[in-house]
Every structure is written in structure tokens, then in C-alpha cells.
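In the block that follows, a single chain appears as C-alpha cells, in the form predicted alone.
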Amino acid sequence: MAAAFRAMLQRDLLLAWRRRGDALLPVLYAVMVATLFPFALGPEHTLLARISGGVVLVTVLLSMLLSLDAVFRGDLEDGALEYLVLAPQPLALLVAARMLAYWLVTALPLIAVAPLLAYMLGLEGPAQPVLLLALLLATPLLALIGSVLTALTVGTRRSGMLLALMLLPLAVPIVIFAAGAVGAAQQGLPWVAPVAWLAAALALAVVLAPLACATALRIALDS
């Protein structure tokens, strides 16, 4: 099963490398959105610094939505999804490899550029490491939840709009905890509790999300 997981991950990363121009779109979107905030709100450093953590987190969330709809769409269109379901390896294992590949291709570049966006908005000092830690916990959690919702809507018309409507309410608590940790770090207050809640939710999602996603894909193919 480890070999199957590794082969699936290598396949998805190779396909993403061949379409590496598409992988840059979320990063460019995040840079453009974060750049517009100082123009819209003015150059006041105090105001920008106060909202910088939330702006970066919401920008990363919206950027991840750009490519979330296509996680299983290609496999459905070329018939590869049926082969995954009929494979001797557990479908949840193969789905977990797809989720990891999606996070590596989409979220990891956004995390890499997030400190630059935060510094541009005035986030400095000890809040920068807390922002990175919050993103390292929040983005895989969003990727896991989003993959389950993508499996539920795969094959439906206008699935992108439906996916956004389903994901955004579930993403609100994640953004609240992550932004709360960054805000507490800015004010010199304890910030471990919100991060601990994110870590607990991520641990639960790592176990349950691949199983739920595999079940949703089987239901989508049967229907």
C-alpha cells in the first residue's frame, strides 16, 4: 500500500508539473488581492497591521478555491476515476495521496508567499511565526474538507459555485481560530489555545476525510 500511495503521489505531482502554469494562478491571485487592500483602506500602518492576519488567511482560502473544483474532475472525464475505485488498494489511501498532492501544489506555494504578503500589510514581530504555524495547520484542514466536498459534487453542473457555498461556512471556524491566534500574538497574549484547536481538528480530519471522500466518490459513480 505504501508503494501505491507513493506512485499515486508521484503521478499527481508529475501532472501538476506539466501544468505548472496553472499552479501559479492561486499565488498570483493572492498577491493581487493582498496588494489591493492598502489602496482600498489607505496607507495607515496601524489599521493594516491590525487586519493583516485575517486578510492573509482569507486570501489564502479564496486562492485555494480556484483549483479545488478540479481535484477529481480530470479523473472523472478521462475514466481514471473508475480505475481508482476498482483498484486492489483501498480507495481511501489513493484519495489521501491526491489530497496531499493538492496541498503540496496549491497550498505550499501560498504558505511560502504568505510572509511577504503579511509584511507588506504591516504584520511584523512575533506574529509572523504564528501566522505560518496557523497556515500550516489551516491549509491542510481546508484541503481535506474541500476534497470531501469536491467528491460530493463531482460530476454535477456548476459544481464550482455549489462547492464554494458548501465550503465557506465550514471554513469560517478555521479562519476564526487561525486569525485569533495571530491577533493574540500581535497583542502579546497567549495564542496556543486556538492553534491547539486547529491541530486537533486537523488530526481528526486526517483520519476521517479520506474515508468520507472515498465513500462520496463511490456514491457519485453509482449515481
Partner chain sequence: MMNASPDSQPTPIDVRGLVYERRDERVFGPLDFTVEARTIALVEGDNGSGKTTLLRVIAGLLRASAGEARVFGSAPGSDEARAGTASLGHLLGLKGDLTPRENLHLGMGLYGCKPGEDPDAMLCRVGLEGFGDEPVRTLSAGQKKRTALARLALLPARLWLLDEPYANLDRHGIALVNDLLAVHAAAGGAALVTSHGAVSFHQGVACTIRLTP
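Positions refer to the first chain, counted from 1. Just so it is clear, the structure is predicted and the values come from calculations on it, not from any experiment.
Here the subject shifts to the form predicted together with the partner chain, a form of this protein not shown in this document.
I have Ala3, Ala80 and Pro88 flagged as a candidate spot, so tell me whether each of them has a non-hydrogen atom within 4.5 Å of the partner chain in the model of the complex.
So, yes: the whole triplet contacts the partner chain.
Please tell me which of Leu136, Leu84, Leu152, Met120 lies within 4.5 Å of the partner chain in the model of the complex, judged by heavy atoms.
Exactly one residue meets the criterion: Leu84.
Residue-level question: is Leu76 within 4.5 Å of the partner chain in the model of the complex, judged on heavy atoms?
Leu76: yes, in contact with the partner chain in the model of the complex.
According to a 4.5 angstroms non-hydrogen atom cut-off, is Leu94 in contact with the partner chain in the model of the complex?
Yes, Leu94 lies within 4.5 Å of the partner chain in the model of the complex.
Heavy atoms within 4.5 Å of the partner chain in the model of the complex: does Leu14 have any?
Leu14: yes, in contact with the partner chain in the model of the complex.
Which of these stretches, 110-118, 142-150, 68-76, 124-132, has heavy atoms within 4.5 Å of the partner chain in the model of the complex?
It is 68-76 that comes within 4.5 Å of the partner.
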